[in-house]
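Single chain ahead, by itself, as C-alpha cells, in the form predicted alone.
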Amino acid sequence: MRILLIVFAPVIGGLIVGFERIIRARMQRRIGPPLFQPFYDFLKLADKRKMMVHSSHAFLGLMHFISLWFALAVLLLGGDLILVIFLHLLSTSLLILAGFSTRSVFSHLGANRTAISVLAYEPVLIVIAVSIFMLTGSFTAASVFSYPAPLLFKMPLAFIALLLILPIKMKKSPFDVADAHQEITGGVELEFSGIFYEAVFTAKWLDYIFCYTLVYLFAGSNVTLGIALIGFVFFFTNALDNSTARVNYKQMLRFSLAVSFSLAFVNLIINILL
C-alpha cells in the first residue's frame, strides 16, 4: 500500500490540487475548473517549447523534484524524521539555488523569500520531531504508527503549531510570500519552462502529499482519525487561503517564530516533564 502511494504520489497530489480548486471556487460562489484540470495543465505545459536559462538551472529544478519525491518515500516508509526533514530541506535548497542562478530580479526575490520561509517552518518541524522522540523513544515515523495512542492527544500544541506553519509550506495566503504572483510573478518558478517547469509544477503536488502525511502522523495507527485530521486541515488551509490577505515576509517570520515555534517548544517541555 505504501509503495503504491509513493509511486502514484504525483497523481494523487494532482487530484488533491484539482479538488482543492473546486472547493475554493465553491467558497467564492464559482463553478471552478474540472477535477482533472491540473493534468490538462500538465499536458499543455508538456507541449511548450523547452528553453533553458542554463543547464545548471534546469538540473537543479529536476533534482528538486527527485529529492522531494525521495524525502516523501522515506517518510511514507517509516524512516527517520530528522533525515526526512533534512532531505526536504535539501530539496528546497536546490530550488533556492536555481532561483539565485538566474539574472532575474523576480527569481532572486522568490529565492530570498523561499529561504525565509524555510527559516519560518523548519525549526518548528525539528522541535516536533524531538517531541515525538521524547514520547516514543525513536525518531522514526514507524514508531509513531506503532505507538498505542494517537499523538494528537499527547501533543495537541505541536499539532496546532504544525497547522499554523502548513500555509507557509503549501504557499497559501496569508503566508504565500514565496511565489506571490501579483508581486514577483511566481518567484523561483519564473525562469523555468517546458519539461523543466513541469518538474517544479509537479513537485508542488508532492509537497501536498508530504504535508498531509505529516498531519496523518498525529493520528498514529488510527486510520479514521487520520482521515478526519487531513479533511480538517484541507478545509482549514483553503478557508484561510480564501479569507485572508497576504502578509509580508517579516510578519510571516515573526508570527511563525513567536507563535508556532513557541507552541511546539512548550509541547516539547511538557513531554520532557511528563
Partner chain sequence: MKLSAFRKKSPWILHYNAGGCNGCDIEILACLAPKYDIERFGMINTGNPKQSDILLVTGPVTKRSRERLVEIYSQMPEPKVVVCCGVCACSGGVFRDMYNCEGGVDQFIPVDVYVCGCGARPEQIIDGVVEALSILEKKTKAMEETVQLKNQPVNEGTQLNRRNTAAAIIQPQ
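Numbering follows the first chain given and starts at 1. Bear in mind the structure is a predicted one, so any value in this text is a computation, not a measurement.
We do not show the form predicted together with its partner chain, though everything after this point is about it.
Contact with its partner chain, judged by heavy atoms within 4.5 Å in the predicted bound form, is confined among 66-74, 40-48, 214-222, 238-246 to 40-48. Interface residue among Phe100, Tyr147, Phe139, Phe201 relative to its partner chain in the predicted bound form, by the heavy atom within 4.5 Å criterion: Phe201.
Here the marked residues Arg21, Pro34 and Ser193 all reach its partner chain in the predicted bound form, each with a heavy atom within 4.5 angstroms. Looking at Asp176, you'd find every heavy atom of it more than 4.5 angstroms from its partner chain in the predicted bound form. Among heavy atoms of Phe133, none comes within 4.5 Å of its partner chain in the predicted bound form.
In the predicted bound form, its partner chain sits beyond 4.5 Å of every heavy atom of Ser55.
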